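Each of two forms of one protein chain follows alone as structure tokens, named structure 1 and structure 2.
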Structure 1
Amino acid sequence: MKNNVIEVKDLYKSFGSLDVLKGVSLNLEKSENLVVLGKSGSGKSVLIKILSGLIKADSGKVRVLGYDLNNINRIEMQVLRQRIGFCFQSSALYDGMTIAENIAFPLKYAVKGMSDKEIMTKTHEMLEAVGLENKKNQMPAELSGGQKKRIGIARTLVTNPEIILYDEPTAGLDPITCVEINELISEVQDRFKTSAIIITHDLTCAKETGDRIAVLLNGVFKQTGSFDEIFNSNPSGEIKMFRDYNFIEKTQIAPKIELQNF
């Protein structure tokens, strides 16, 4: 219990009359990758936005790296956010800046005391890690969706966060890039002992990157456990549908899963 980097208890959130989260509880242990599965619109993005302080919860306990998000001041929030990485579903690259400037942005304006040279080296390192160093002077509008996604991940990782929140890192990518991203996520965990919450619809991604899977259904976590515990032990209802539509054996035939994701 001591080693939880994120602790959420009885979290509620609604927008107007729409109840999105209805008593979510979850723990994330240190250097654990937790995959969150759930239907579109089930509130997965809302959940991690609450964890990063972008949205305020209606009620419930949220602790991240020891900070109570219901009782946090601006300075503490700033410190906390430097230790969290958030990878947006939409990549959210700054379209007024070049790719290199995008990656350098958090280093330049959030991390204090880095020299221009260090920032350049680090940026270059990240670009290499995601295999796009030849794009560094291009604008985000000139990249494909998958390339944007990779730059988004690079920008998230550049500050060496302790917790990383990935919002559908592989959605809309071709199967080969998916595999690369999955490997990148696992590698980051191995190398830096980071903890991560990975939101996805993609069961291959879930299997490859997740130590533990949680299924968000109707505003609560229906089931948590290892991949096999959830999907190979006679699932029912929506979990079964999830499995059948994403059927794991089929993922070897790569293009299939692409089509099924849409």
Structure 2
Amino acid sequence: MKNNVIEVKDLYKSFGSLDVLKGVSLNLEKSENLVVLGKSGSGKSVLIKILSGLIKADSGKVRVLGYDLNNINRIEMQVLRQRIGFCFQSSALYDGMTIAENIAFPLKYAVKGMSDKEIMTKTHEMLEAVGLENKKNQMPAELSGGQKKRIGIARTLVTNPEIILYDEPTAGLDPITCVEINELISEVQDRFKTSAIIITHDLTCAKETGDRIAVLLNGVFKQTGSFDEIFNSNPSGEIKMFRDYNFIEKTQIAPKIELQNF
């Protein structure tokens, strides 16, 4: 029997007369990277907000780490959110804090009982994990877009989440930096044994990071499977149009390189 950490069944969500999610179902297995791939307006962001408890579905089943999100109280939601990490598209760093202070922030205010020494040690471990130990005293404004993405991932990892929700992790990055962020997402999975849902419209990101891909178009999942099963097996209709319009083989633009500071 598969060990699912997220289960979604027959999920519907509308805003007024706008039907956004129209009966979607999916499972996330333990230690799996699942990519939810779709163009803007397909319902990706609404889905991830429901999974993180930010908004409620109109109907359908949503279970995350055993919790029924349709019947969860405030205390249970607080406990659940400590087990889930959210990587924002903008990285959402605090401009008035150093990089080390940004990473330590969740440990000081969301995790009880850690000493200053333990927080410092954990912060250094996360900086090492994303290859930016030498940036700890800098401010967010001094970092590149790719470095901010890395710090956002480090801050998400610092509380040891079981599930990570990535929101457009390669948005706004140049092709070389996209390759590096994709590699980092895979390294996080291998090193920390996290399960993840990766929301993206970037086909290269989907190919490089996803164990499985679910294509969400116009509020429904059109197809689920590996990248090759979906895109390299004579795709037709909307999936072919999506591939033909969006896909850029970034490994043709830049060679695969080792992770390093950038």
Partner chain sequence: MPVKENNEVFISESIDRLLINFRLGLDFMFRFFGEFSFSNLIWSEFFNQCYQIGLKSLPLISLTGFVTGMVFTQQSRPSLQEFGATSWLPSLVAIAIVRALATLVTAIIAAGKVGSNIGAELGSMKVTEQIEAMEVSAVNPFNYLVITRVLASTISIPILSFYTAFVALSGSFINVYFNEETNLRAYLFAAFENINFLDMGSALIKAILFGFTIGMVGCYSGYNAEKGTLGVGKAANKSVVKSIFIIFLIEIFVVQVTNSFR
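Numbers follow structure 1, counted from its first residue as 1. What you see is a predicted model, and the numbers here were worked out from it, not measured in a lab. Rigid core (definition): largest C-alpha set, two forms, superposition within 1.5 Å.
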Checklist outcome for this item: Matching the form predicted alone against both blocks gives structure 2
Next on the checklist: Superposed on the rigid core, does the Cα of residue 110 end up 2 angstroms or more away between structure 1 and structure 2?
Outcome noted: no
Item to check | After fitting the core, residue 99 CA displacement of 2 Å or more between structure 1 and structure 2 | outcome: yes
Item to check | Core-aligned CA displacement of residue 141 at least 2 Å between structure 1 and structure 2 | outcome: yes
Next on the checklist: I need the CA movement of residue 130 between structure 1 and structure 2 once the rigid core is aligned, reported in Å.
Outcome noted: 3.8
